[in-house]
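There is one chain below, alone, in structure tokens, taken in the form predicted alone.
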């Protein structure tokens, strides 16, 4: 199974490198992400597979297509010598392979991680955190500092896109034509599916303590639902529902909500992000703290993802010289 997935990943990567049709390359990248998610699933890394499927195969593909609409479909023929990049990549790949020679084998019980970190989480997490999903325990509690930093990085990425591309945020937003034209069947289907997509996002957000999911995956699913609405009903309609200005404030609100949990702990004489300040019951305190920080992550991820899509989809097409010949 793993060898077959690895072979398909290699074939997909080589095809993406060789093809000059950027639309086909984008589709191949989506397939590559889906295969990667399947590979993670075979390794029982459910949360990572969920994230890869939602981000890599889902919203990233849509954002690349939105970018492709601005630049053109076919890649220009490179003017430089192709052997120099090939040599650089080969040397880099060889260095990476050499660096993994001393790494322990996959699943080796004598690996340092299996001897030090993993037993600590496996044995103590159910008692200290009190939730079944150990991944959520690690990310939202034990490694709360890291997750806060990752949330801030996502927020900064949204700010960078807004600064570079700009985004329409005036109150005068008019309904616009759908990106795929007037498709009555799609409109009806999306109207039926959209409530279930948003409901599933809520489930992923609130069920992250007990199964795969959490704020990151939920935020992406929420954003995907509104992006689907935008593609079918038009950008103007989507902006009337969620104005870009509102998204900017929500992105900041998510980071502030996460950080506020830590500040509240400090004001109560505890360490930063020490959830015991939230309740006298240690287990209840962990549940409350994880719920609040995961909510902050979900709000920020949703707002930034949708903001980036609005920034790309709201720009006029850029006129560039592209090679219009079909790919070889």
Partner chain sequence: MSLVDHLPILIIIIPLIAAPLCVLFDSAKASWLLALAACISSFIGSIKLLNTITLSGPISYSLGGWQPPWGIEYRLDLLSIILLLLLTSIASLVVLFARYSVEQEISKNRIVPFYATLLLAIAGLSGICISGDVFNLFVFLEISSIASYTLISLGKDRRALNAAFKYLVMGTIGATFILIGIGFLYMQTGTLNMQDLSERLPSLYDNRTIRAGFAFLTVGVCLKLALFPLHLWLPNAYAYAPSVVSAFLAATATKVAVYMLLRFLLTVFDFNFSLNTMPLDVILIALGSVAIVSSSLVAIFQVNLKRLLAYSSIAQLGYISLSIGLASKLGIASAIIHLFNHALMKGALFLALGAMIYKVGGAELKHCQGMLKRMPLTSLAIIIGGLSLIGIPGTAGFISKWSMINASLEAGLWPLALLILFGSLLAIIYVWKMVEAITLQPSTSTATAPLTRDEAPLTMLVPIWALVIANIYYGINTELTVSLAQRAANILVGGY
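Note that the rigid core is defined as the largest set of C-alphas that superpose within 1.5 Å between two forms. If you're wondering where the values come from, they're calculated on a predicted model, not measured in any experiment. Residue numbers count along the first chain shown, from 1.
FYI, the form predicted in complex with its partner chain isn't displayed, but the following is about it.
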One residue of 198, 156, 206, 240 in contact with its partner chain, assessed in the model of the complex (non-hydrogen atom, 4.5 angstroms): 156
Of these, 273, 278, 292, 57, which has a heavy atom no more than 4.5 Å from its partner chain in the model of the complex? 273
Can you tell me whether residue 288 touches its partner chain? I mean in the model of the complex, with a 4.5 angstroms heavy atom cut-off. no
Should residue 224 be counted as a contact of its partner chain in the model of the complex, where contact means heavy atoms within 4.5 Å? no
Non-hydrogen atom contact residue 129 with its partner chain in the model of the complex at 4.5 angstroms: yes
Taking 4.5 angstroms as the cut-off for heavy atoms, does residue 233 touch its partner chain in the model of the complex? no
Heavy atoms within 4.5 Å of its partner chain in the model of the complex: which stretch in 185 to 193, 198 to 206, 225 to 233, 139 to 147 meets that? 139 to 147
In the model of the complex, residues of 251 to 273 near its partner chain [heavy atom within 4.5 Å]: 252, 253, 255, 256, 259, 263, 266, 267, 269, 270, 271, 272, 273
Quick one: core overlaid, is residue 160 moving 2 Å or more at the Cα between the shown form and the other one? no
